[in-house]
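Coming up is one lone chain in structure tokens, specifically the form predicted alone.
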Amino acid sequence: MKNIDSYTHVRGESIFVDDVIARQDTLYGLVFDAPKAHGKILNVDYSVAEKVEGVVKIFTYKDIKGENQIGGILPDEPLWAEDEIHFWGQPIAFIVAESESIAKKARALITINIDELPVITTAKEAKEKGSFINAPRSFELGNTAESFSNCEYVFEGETFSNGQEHLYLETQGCYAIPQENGNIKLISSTQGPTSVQQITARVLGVPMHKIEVDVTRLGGGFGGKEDQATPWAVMAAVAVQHLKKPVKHILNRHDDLRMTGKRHPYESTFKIGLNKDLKIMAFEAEFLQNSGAAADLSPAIAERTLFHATNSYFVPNVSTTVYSCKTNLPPNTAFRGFGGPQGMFVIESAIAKAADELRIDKREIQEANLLSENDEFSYGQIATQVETKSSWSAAKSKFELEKLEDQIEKFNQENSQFKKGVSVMPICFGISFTNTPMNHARALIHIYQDGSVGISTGAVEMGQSVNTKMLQVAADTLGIHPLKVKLETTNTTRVANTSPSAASSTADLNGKAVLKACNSLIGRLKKVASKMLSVDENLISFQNDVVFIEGKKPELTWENVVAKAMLERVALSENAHYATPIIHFDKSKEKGHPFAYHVYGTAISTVTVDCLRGTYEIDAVNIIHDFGNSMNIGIDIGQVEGALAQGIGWMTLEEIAYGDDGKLLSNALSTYKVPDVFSGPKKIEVVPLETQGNEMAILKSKAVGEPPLMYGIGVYFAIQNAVKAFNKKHKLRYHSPFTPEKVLMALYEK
């Protein structure tokens, strides 16, 4: 089945927040934000701005009837700053006017006096000054101290991975509309409708049932709208509470870049020990996470870094610690991979360091340490249905790795200006929210009198085609044509208390709920059909809009059965709840079974570096990926390709830059480079790994949103290998992204 949104997308007919037809009395909101990164607010003068014709009201924390607090995991983030600012771009006030242009004019007339305070921009500086979001977390397995003393080889090093801008096509936004009796409807661009509902209710001082959040789709999210879509909706809701008129609030691109958090930069150190057979006997890592000025989702992201600190390898002795460091940057937040990529980059760097020191190919160490069945992860879960070695072997064979390496060696011997590099990147990524209580979902399904079907779930469609998969589950289970099924908007009134669409779990959780609801409905309809046909209900099945008895088709349609069920007063609506079984995690012991299953795969990346200019081309990324038993291979391969491009961008091009004063310097697409059609691989081949899938995945079709992003890490090391082929004196630094500027400097390093 093709993406059900494709037709309206290419015709420009799909509805996003800014496409909703505004009521005639709609007002427009704009944020006045901090022009410094840290300081005490001495005074703010709104008087001139308030006199601008068309300005209705300027809201500050003084207008909040509930709590001035939007923190999710920790209550440490005000909606609007009160007496102190903690990052450049922190919201201070909300201008509501008759048009956005009037609001912009007013914003330019607001003056503020700030008593500036010292600014912290790096995680390392934050640690030195004892500035943390919360207490550090550590995972332990075995005894690293004892093991290191018995290792043949021990190497230490440090790494840096920069942040990454989400750059969703649709910026943050919300349209807030007053309803009867003080109720408010929020049409929000959010991955977490329940979070928006809950925090809006908290700030407004009203019960959650007064707030309805509705989401048709997002123009991209990538984690940036899991938590950070909330404040913009809340601001609009506060204005509606006071003014009783609709308020629209859509951030322009520059405001969005300046005010929102990114992927977390990490400054990390490692120590790795190997025996003479290249087995990794011990691994230690300290991760310094640049969390920004408030917690946001940083504690959860830090935790997932620990969960993925050993990637696809079995290491019997592990000690990893992560610090969430508080700095004066916008609170950093969820981004595809959720801390996992940062952890994987460190162990891949540690292996590269060991290989470089030992003067061997990195893949010798990788291959010697791949996970096997029943190996233990550092967090206590036992690896099962492991596909690490099978995907590695399949990639080596399918893409003729040894032949490719010989070709590259020959090319490098014959060429002086251009050098090629190759690398192999295995992945192992756990699927579930690591916070166990979040692993649940609901689905509400109506079968209407004419046989058409409406489905409501907690899943948010944001380009990943989750609606298409939900439709597939329903149509296949009910045995009806897909055109009979409609996916409703995601709405907190129809499906309440949902988890955000994140953690690559959206299709699994919501799909399982849809499956459960459909099976209940089919069970009832089989009873009706069995009476109509005078046969045992166990002999009946629904396929292609008709009833079958042991594979034979009588003259009875889906519509006939539904009509009869109505006459018999059979319930044609079902509300099903699904909670992932088995998973658990004890944070007091840092041990458990947090993941429903793991996704595996292996990528082989080849690049060509122009050693005169420092530029490079990605020749190919060839991937063997563990889709399980894919329910929609077209959509799933599209997700792999998109994630790969995003991972390549993070590792090679996208460089977030802040000044020492905390001001964002990469504040436009002229100063922040994202991959375009010319910077993607010339060739991408994605081959599904032959596997039976996993029962915990929807229809045994494994999650595919986040895991493939990590394949981009392989491109980084392929470039590094090409640089080494040109400059034998190059000292590996493991500092990403590996931009052409850094490549050029490395090529001519003495």
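Just so you know, these numbers come straight off a predicted model, no measurement behind them. Note that residue numbering begins at 1 and tracks the sequence as displayed.
Same protein, other form: the form predicted in complex with a small molecule, not shown, and the subject of what follows.
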The unique member of Glu348, Glu461, Glu165, Glu226 whose heavy atoms fall within 4.5 Å of the small molecule in the predicted bound form: Glu226
Of Leu444, Ile250, Leu401, Met438, the one that lies within 4.5 Å of the small molecule in the predicted bound form (heavy atoms): Met438
Candidate stretches 180-188, 558-566, 499-507, 79-87, one within 4.5 Å of the small molecule in the predicted bound form by heavy atom: 499-507
Distance check, Thr434 to the small molecule in the predicted bound form, heavy atom within 4.5 Å: yes
Touches the small molecule in the predicted bound form: Lys469 (any heavy atom, 4.5 Å): no
Proximity of Phe338 to the small molecule in the predicted bound form, heavy atoms at 4.5 Å: yes
Contact label in the predicted bound form: Lys419 to the small molecule, heavy atom within 4.5 Å: no
